[in-house]
Each structure stands twice: as structure tokens, then as C-alpha cells.
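Here you get one chain, nothing else, as C-alpha cells; it is the form predicted alone.
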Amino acid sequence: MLSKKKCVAMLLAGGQGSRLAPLTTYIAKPAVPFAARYRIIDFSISNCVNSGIDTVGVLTQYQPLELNDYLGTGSPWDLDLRFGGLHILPPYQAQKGGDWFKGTANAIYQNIKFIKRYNPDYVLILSGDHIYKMDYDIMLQEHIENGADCTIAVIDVPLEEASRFGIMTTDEKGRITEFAEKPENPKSTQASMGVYIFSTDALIKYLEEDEANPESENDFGKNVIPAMLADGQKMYAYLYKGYWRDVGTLSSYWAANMDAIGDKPELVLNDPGWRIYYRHSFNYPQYIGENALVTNSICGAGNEIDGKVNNSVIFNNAIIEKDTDIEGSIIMSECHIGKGVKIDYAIVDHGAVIKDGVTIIGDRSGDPVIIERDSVVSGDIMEGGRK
């Protein structure tokens, strides 16, 4: 072994993201585009890089082709290293057989050899489908100071939303005394962010015990965390107070994109002190025509815009023709929006074509209208629905 790593990150990126369908019909949820130039997974990986963690295992499973191609060797994040760096870890067939990842804990269990290769003192476990900017090193230092076996990042949520999350109850020192996975009657509002730091020996011990239990669902929230708590392990909550959003639904995905626009956006993407790294695309410059009007929006490279765009996110290589009005919408790469089109509260997926004169208006009390990838729309869509 060349050396050892203090901390390695294991990034769970294999989920189907069914609540985000149809955006996830052909690609994994972490590969879904975000804010005109990024993918959702860019945030977790960039957090690792900015936190000084240079060894990241990305566990893929569902529709991995586009995600794997996007990640490549890890060079956009300076993670193309000889010892460490970014590694894609799919399920595999071993001598004694193989299986799909059965749960979050089983996914890590199947990759214990990868962890042991670097002999880390600590393992950071992340989800690849959240939008946030977080310094994991601060959390790690708190974990070390507490002498913790496990530290769970939590964020304070409204009480009416708490039943959607794993909920922590802590004492005055932040030590976890109770944990409930999506409780009907939550006792607190400290919700798990799906970010864990484990001391390596404790993690491996409980993963092996969990795998040996035929009744287990092999899930951190349902099985591993409760088992550690029942055994009296030292478990602490780390309260995070920055921006964080689980983009697990169409409405939350739309809202997170909208959070990145405006004079004082909730999600700041141009912070030089905390860059979000991404794989650059080689596009020609954006063209804004003489009849165009673009306000309070984010636009990618290679666009040709001749219409009006307001409060919207336009990805790369989109064409928006004249006399078209786009409001509060997300237009993905390679879309062609014709003349005289009106779009309000919609997500138009990659490569879709909207014919001249079409009106698409979503009902803002529900999910936005979704225009599926590579589809052609020639008729009006009003107040929700899908074409």
C-alpha cells in the first residue's frame, strides 16, 4: 500500500428516482441536469473536493450509462489520481455470486474491499441526489472531537414535513438518543440529510452484522443506525444551517432551479470560495437576437434566443424562436421552441420540439407540466398533464 487516507467518501448514486420521472426514464437521478450547466451529482462531488477529500467511490446501478460517461476519470473535479481519486463502483459478479445492491447498507457492504484498500480512519457516506454546499471537513472535525462512532448531518425542517425524513432526538451535547425513520408523530424537527461519517471499524462491524441478518432490509436508516443506537454506540448529530434541498420530486426539482436565479438567490452558484465543478461541454457562444428579452434567468452556452425568457433556466444548445414567451420554466439542452409559443411553469426535457403557436401552461398548485425527452408537441397543454 502506498499510503493511507484519513477519510474516503462513498457516494450512493444508483437510485431510480421514480418520483422524478419522466426525467429519470433514461438516466439515473444524480445525472439529471441542473441550473443550465450542472448535473445533480456535481454538488456532492464538489463538496468532497472543496472539503479536501480526494478519494470518492461512486456506487451506480440504475441506468448508469450517461452518469458513468459524464463522470469519466474524474478529471473535471481534479480526481484523476494515481492513489485515490474518483472510482465508479457498479454491482459485480464475484466467485460466490453477485447481486444488485439490495439497500444503501448492502451497497456499501459490497464495496468494503474498496474502503479497506485505502485504510481510512473515517468513511463519509453521501447521497448523490441532493443540492447543497457543505464543508464535510467541519463535520469530520466535530466527529473526531466527540470521539463518535457515527455522526449524522441533520437540518431543521418544519414539523409538518418531519414525517418525510429520518428524525433525530438529541441531548444537550448533540448526542443522538432516539432515531425514527419517517415517523408518523415526530418528536423533533432534526431531519437526516443522508450524510453520515463513520469511524471505519464501527462501520465495517455493523455492515457485516447487518449482512448476516436475513431479516434486515440492508438500509442505513431502517437497520444500521437503529442497531448502533440500540448497542449504545456514540452517535452525534451535526446541525447544518446552509442551503439544502432534496430534489426528489418534480416540484422540488423545479423549485431548486428557481432558487438559483434572482438578485439574491438562495442557492449561490458563482461563489469563488466554493466552486461547483462540472464537466465542460464544448459549445459555441450563446446568441441573443435583436428581438429577444432575457430577464432574471440562467442560460447555458450555445443557445439561440429570439423570444422572451423570464424567471427561467435554459440549458445548452436550445433554440427559442421569435414571438415566444417563456415564464418560470426549465428548458433542457437541444430543445427547439418554435415561433409564437407560450410556456409557463413547465419542464421541457432534452431534445423536445415545441411546434409554432403551442401554449403550455402548468397549474402552479401542483407539479409543473413535463414535456418528455425527444418528444414533439403540436397541440396546447393547459393546467398540468403530460405530453
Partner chain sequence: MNAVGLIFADSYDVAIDELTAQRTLAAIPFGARYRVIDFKLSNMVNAGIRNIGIITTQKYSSLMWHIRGGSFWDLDRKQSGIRFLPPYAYEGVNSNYENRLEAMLAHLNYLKECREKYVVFGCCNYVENVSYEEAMKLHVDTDATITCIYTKNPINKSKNLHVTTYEIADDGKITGCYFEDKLNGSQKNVSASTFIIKREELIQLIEKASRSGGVSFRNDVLVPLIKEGKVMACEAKRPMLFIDDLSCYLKSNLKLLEPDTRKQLLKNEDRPIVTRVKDSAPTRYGKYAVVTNSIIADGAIIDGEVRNSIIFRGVRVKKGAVVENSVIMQDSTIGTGAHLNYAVIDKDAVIQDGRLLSGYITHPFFAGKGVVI
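Positions refer to the first chain, counted from 1. What you see is a predicted model; the values in this text were computed from it and never measured.
There is another form of this protein, the form predicted together with the partner chain, and it is not shown here; the text below is about that form.
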| item | value |
| --- | --- |
| Among 164-172, 242-250, 215-223, 295-303, the region lying within 4.5 Å of the partner chain in the model of the complex by heavy atom distance | 295-303 |
| N270: touches the partner chain in the model of the complex, heavy atom cutoff 4.5 angstroms | yes |
| Contact of P183 with the partner chain in the model of the complex (heavy atom, 4.5 Å) | no |
| Contact flag, Y136 vs the partner chain in the model of the complex, heavy atom cut 4.5 Å | no |
| Exercise: T177 in contact with the partner chain in the model of the complex, heavy atom 4.5 Å | no |
| Single option in L81, A227, A255, I204 placed near the partner chain in the model of the complex, where near means a heavy atom within 4.5 Å | L81 |
| Heavy atom within 4.5 Å of the partner chain in the model of the complex - residue from G103, P76, G194, P120 | P76 |
| Contact set, 22-48 vs the partner chain in the model of the complex - heavy atom within 4.5 angstroms | A35, A36, R37, Y38 |
